[in-house]
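One chain follows as structure tokens, the form predicted alone.
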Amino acid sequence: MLAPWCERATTDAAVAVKGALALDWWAGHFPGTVRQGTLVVAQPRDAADLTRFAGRTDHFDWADADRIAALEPDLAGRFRRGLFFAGEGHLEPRRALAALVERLAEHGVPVRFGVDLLPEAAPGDLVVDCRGLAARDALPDLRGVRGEMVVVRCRDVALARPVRMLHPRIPLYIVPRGDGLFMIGATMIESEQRGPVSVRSAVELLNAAYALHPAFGEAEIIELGADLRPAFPDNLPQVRREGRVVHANGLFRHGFLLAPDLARQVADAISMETNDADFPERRRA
């Protein structure tokens, strides 16, 4: 999801400022970028959560039941109020990454997969280390935050944009991926345990989807996934340098949203031959 203003409701203002730049970047570099906005809704009993969410962000319009029905006909009559963030967008991550690899190949940049290489062993005058959580050997304050998701196929529901449904315990987002596919996510668990999706998380995600629309009860489960997001203590990404190694890391749950800005910082530092003073040296334990 390219949702800087939705994310602003639960994170630092810098995420919205820098994330807003990603909308035009992705649209200019990946034709599959969809800019139909984001719809945020809540059940009547959770109306206070919607008001709190609205108070923490901007760039939205209040939507009544008629506007919700006009935006998403399949949700007609199901929600009384919502928030519509018209400027936001979304993309399918795997297709976007494949497109970037093709673009790099066109510019003569080789990409090698399945190679295990530490930055210290890499050739060159400058090495950019963006290994995610694997870079904790060099970035000791990096931690993993577990996230889980479900991909389902449901041909009885059509959505034009990501829909977020607020809930006091497990807020839900559903992102359409075309051909009846939807990615359902929400979990953010302070745990560094890797492994399959837990029964509790799967049940909660699927129950929340069913609450959004009962037709999801007949959906086919295509994929269950879980992994760890790399994050620094403040949950904001950083660029650091140690010798010839530049570390770019800590994107947390904002990978595709903040990656263009983080890459720009690295590229600017390299192209301008930035000296070490512009990079905070990593704190040693």
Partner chain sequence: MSFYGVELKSRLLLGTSRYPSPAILAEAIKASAAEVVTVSLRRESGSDRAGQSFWSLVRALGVRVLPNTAGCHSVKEAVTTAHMARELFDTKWIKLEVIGESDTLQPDVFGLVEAARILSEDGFEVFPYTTEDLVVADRLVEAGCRVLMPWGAPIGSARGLNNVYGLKSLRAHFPGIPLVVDAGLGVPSHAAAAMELGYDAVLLNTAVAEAGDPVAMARAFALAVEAGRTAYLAQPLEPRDMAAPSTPVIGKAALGD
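Numbering follows the first chain given and starts at 1. These numbers were taken from a predicted model, which means no experiment stands behind them.
Absent from the display: the form predicted together with its partner chain. The rest refers to it.
Participant: Out of the stretches listed (152 to 160, 122 to 130, 136 to 144, 172 to 180), which one is close to its partner chain in the predicted complex, meaning heavy atoms within 4.5 Å?
Facilitator: Selected range: 136 to 144.
Participant: Considering non-hydrogen atoms and a 4.5 Å limit, does its partner chain approach E102 in the predicted complex?
Facilitator: Taking the distances in the predicted complex, the answer for E102 is no, it never comes within 4.5 Å of its partner chain.
Participant: Is E220 part of the interface with its partner chain in the predicted complex - any heavy atom within 4.5 Å?
Facilitator: Output for E220 is no: heavy atoms all beyond 4.5 Å of its partner chain.
Participant: Mark R200 yes when one of its heavy atoms lies within 4.5 Å of a heavy atom of its partner chain in the predicted complex, and no otherwise.
Facilitator: Yes, contact at 4.5 Å.
Participant: With the cut-off set at 4.5 Å between non-hydrogen atoms, does D227 touch its partner chain in the predicted complex?
Facilitator: Flag for D227 set to no.
Participant: Pick from E242, D58, D64, D234: which residue has any heavy atom within 4.5 angstroms of its partner chain in the predicted complex?
Facilitator: Exactly one residue meets the criterion: D234.
Participant: Counting any non-hydrogen atom inside 4.5 Å, which residue from A76, I189, A98, A215 sits next to its partner chain in the predicted complex?
Facilitator: Selected residue: I189.
Participant: So which residues in 7 to 41, when you check its partner chain in the predicted complex, have a heavy atom no farther than 4.5 Å from it?
Facilitator: Sequence-ordered list has one entry, T10.
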